[in-house]
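So this first bit is one chain, no partners, the form predicted alone, shown in structure tokens.
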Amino acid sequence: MRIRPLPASEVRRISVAIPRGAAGRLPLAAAGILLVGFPALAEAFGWRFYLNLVTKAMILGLACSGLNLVLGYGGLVSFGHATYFGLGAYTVAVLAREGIHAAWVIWPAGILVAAFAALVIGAVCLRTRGLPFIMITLAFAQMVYYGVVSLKQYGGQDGLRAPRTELGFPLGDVALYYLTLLLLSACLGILWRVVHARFGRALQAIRDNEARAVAIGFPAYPFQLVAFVLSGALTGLAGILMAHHAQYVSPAMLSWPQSGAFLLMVILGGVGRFWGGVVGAAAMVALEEVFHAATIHWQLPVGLILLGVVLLAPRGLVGLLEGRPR
């Protein structure tokens, strides 16, 4: 049977009948259903390895979304966000070494430690702009890194075991997956409200033209400092989840290559795109896994793909999915 193509007027009528917002939410709803049902699929088909891989991608997506708040919406290139990631993770391991295993103590403590570090570092760094800001964030990160390496009682260069905390129920891989998915969804909901509220619009106005924003009554320093602290707290929460995922922490989690990896993930996904951090982290984890299985020189093809995205798609993978700007 021959299928008759619809006339152009009919196609336009159907397109108008589907609200743009509803159409945009369909892929999100499909992704949510897939993520909720993925553990059952993993159990049925023996994909436990991929369950852990998706958990890792969601944790990194949370960290990158926190970085995207200051990088994409604030215009602040922080080269030290691994500091908050590592401090959150080390809080889990150090408190466990000291005999504290209660989650209601460890989780808030990890977030507060990361947020306080972001407050202190941001209070100093945000008095500079451009290259000095990048270098000072890197300098603080290196100071914290070498400070952790010098703590021989907590493993020093070798790292430290980080047993999972007591949440009142067995925290196996599936439970950790759903906990990560729940926290990622909640944090993305908070970020969505933040960037679309008056605070977020003021932050973007400061990014676009600081002098004009200050002139109309939006002082840059307090807005950027609040965003920096919120970003550090979210990255610290990601560090806590990563400590539970790996059950091990090491100084590499606070190192500058880790900070650089976060930046690359955000650039890959799309700087200043709301889903840029999540999509970039998922793409990077997938690329690493695919090419790492094919060659020991997996960094080369991954680097070439990143180079291609930067040169050919400056708005990142999310920008490609969104299509050409109107």
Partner chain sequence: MSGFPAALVLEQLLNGLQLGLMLFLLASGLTLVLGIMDVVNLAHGSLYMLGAYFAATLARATGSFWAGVALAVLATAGVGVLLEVSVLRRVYARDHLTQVLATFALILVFNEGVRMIWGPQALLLTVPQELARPVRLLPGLGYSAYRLFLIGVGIGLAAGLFLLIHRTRLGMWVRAGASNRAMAQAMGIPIRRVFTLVFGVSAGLCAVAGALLGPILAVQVGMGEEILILAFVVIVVGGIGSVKGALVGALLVGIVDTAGRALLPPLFLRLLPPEVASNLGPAVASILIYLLMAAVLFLRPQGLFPVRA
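Positions refer to the first chain, counted from 1. Everything numeric in this text was worked out from a predicted model, so none of it was measured.
The form predicted in complex with the partner chain exists for this protein as well; it is not shown, and the discussion that follows is about that form.
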Practice task
Flag this candidate site as yes only if S150, L307 and L311 all have a heavy atom within 4.5 Å of the partner chain in the model of the complex; otherwise mark no.
Solution key: yes
Completion exercise
Contact with the partner chain in the model of the complex, heavy atom within 4.5 Å, among L182, A211, M143, A102 goes to M143
Fill in the blank from the handout: Among L131, A186, I216, V120, just one has a heavy atom within 4.5 Å of the partner chain in the model of the complex, namely L131
Problem - Stretch in contact, per heavy atom within 4.5 angstroms of the partner chain in the model of the complex, of 256-264, 274-282, 58-66, 32-40 - result: 256-264
Exercise for the section: Give a yes/no on whether A233 approaches the partner chain to within 4.5 Å in the model of the complex, heavy atoms considered. Expected result: no
Practice task
Determine whether any heavy atom of A294 comes within 4.5 Å of a heavy atom of the partner chain in the model of the complex, and answer yes or no.
Solution key: no
Exercise for the section: Tell me, yes or no, whether L71 is in contact with the partner chain in the model of the complex, where a contact means a heavy atom of each within 4.5 Å. Expected result: yes
Handout entry: V124 within 4.5 Å of the partner chain in the model of the complex, heavy atoms
Key = yes
